[in-house]
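The form predicted on its own is given below as one chain in structure tokens.
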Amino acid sequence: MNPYIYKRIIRSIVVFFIILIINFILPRAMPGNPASILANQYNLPAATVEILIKEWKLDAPLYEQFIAYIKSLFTGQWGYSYQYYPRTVYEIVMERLPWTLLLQGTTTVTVGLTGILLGILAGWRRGKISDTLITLSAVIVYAIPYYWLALLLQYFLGYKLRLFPISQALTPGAVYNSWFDYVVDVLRHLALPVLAVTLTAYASYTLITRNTMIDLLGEDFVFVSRAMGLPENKIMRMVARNAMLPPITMLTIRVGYIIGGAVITETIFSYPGLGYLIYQSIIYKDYPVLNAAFFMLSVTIILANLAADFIYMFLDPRIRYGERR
């Protein structure tokens, strides 16, 4: 096996088990427990709280809870949600996962396309008005806090102008006469979150692609191509193809944050995905849901970073041969 691949796999396995331990400790390090939180919310009697503590094994030693936690993760038996008891964690996660995949998958495409295309255009037309406008707008947008921009879009486009719904993924109580009506409703609810994420995330891809384009335009192969009389549009495509390596790597890593990156977005827009579920589970100290969600988050991040390493290795032979030396 290539030493480059071997090292990355070993590193990923070590990181995975470290994350498992942290995943177990963090929720339990916070004050209080799920039973007491539910008791305060619903005014449960003390006897009921004691039953819940025994039912959920919150009085068991930490090492027993840890063993049960490991078994549940690797057997797929994630237990029952404390907040939505007696519904299973698997049922709740699978119910929320499609909405997160829809939101994050859409934003990954819009962010990648917008950032890379604008970066290629700015780099190719460096020093001109279009380059200045694109770069200046990217720097300004990059400095804007995401949550602030999301709230502004909610207020102006959702509340004032009534162009899009400001929360949820579907209109509550809506009756759809056809699948087309259903799709339109889903897209209208998706518009504001996607717009907010795209406006705040595309800038980094634009700036990196632009800088890579400018560096490549100074390489010898560009001068040779022009000396050979190749058309400018063909040279631009050749340079752009090479300049896409850093942003594509960033997009690969972004896929790893498809769950964790949705927390703020889904919380602001009350979008019923895994991100909003994580936020609710933190409030209610829903350990089984948190453990399952963080487990999925850890796996996706590790796999995405591993995939990025492999992609970089195949796209850039210098890394392969450098590792062998």
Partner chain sequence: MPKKESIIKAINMIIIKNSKGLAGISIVLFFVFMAILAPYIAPYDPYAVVGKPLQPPSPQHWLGTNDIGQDIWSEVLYGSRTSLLVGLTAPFIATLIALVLGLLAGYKGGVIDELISGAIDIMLALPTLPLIIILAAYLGPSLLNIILILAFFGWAGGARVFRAQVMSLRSREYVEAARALGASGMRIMFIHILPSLTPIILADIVMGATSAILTEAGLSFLGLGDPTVKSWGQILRHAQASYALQLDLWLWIFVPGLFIALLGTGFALIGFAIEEYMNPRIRQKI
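Small disclaimer: the values here were computed from a predicted structure and weren't measured. Residue numbers count along the first chain shown, from 1.
This protein has a second form, the form predicted in complex with its partner chain, left out of what is shown; the following refers to that one.
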query = Pick from Leu230, Ala174, Val139, Leu113: which residue has any heavy atom within 4.5 angstroms of its partner chain in the model of the complex?
reply = Val139
request  = Note which of Tyr159, Phe74, Phe221, Phe180 lies within 4.5 Å of its partner chain in the model of the complex, where distance is taken over heavy atoms; exactly one does.
outcome  = Tyr159
ask   = Would Met94 sit within 4.5 Å of its partner chain in the model of the complex, counting heavy atoms only?
value = no
request  = Flag Tyr69 as yes or no: does it have a non-hydrogen atom within 4.5 angstroms of any non-hydrogen atom of its partner chain in the model of the complex?
outcome  = no
ask   = Might Gly105 be said to contact its partner chain in the model of the complex, defining contact as any heavy atom within 4.5 Å?
value = no
ask   = Does Arg254 make contact with its partner chain in the model of the complex, using a 4.5 Å heavy atom cut-off?
value = no
query = Which of these stretches, 82 to 90, 191 to 199, 122 to 130, 235 to 243, has heavy atoms within 4.5 Å of its partner chain in the model of the complex?
reply = 122 to 130
remark   = Residues in 266 to 303 that come within 4.5 Å of its partner chain in the model of the complex by at least one heavy atom, in order, are Thr267, Ile268, Ile278, Tyr279, Ile282, Ile283, Lys285, Phe294, Leu297, Ser298, Ile301, Ile302
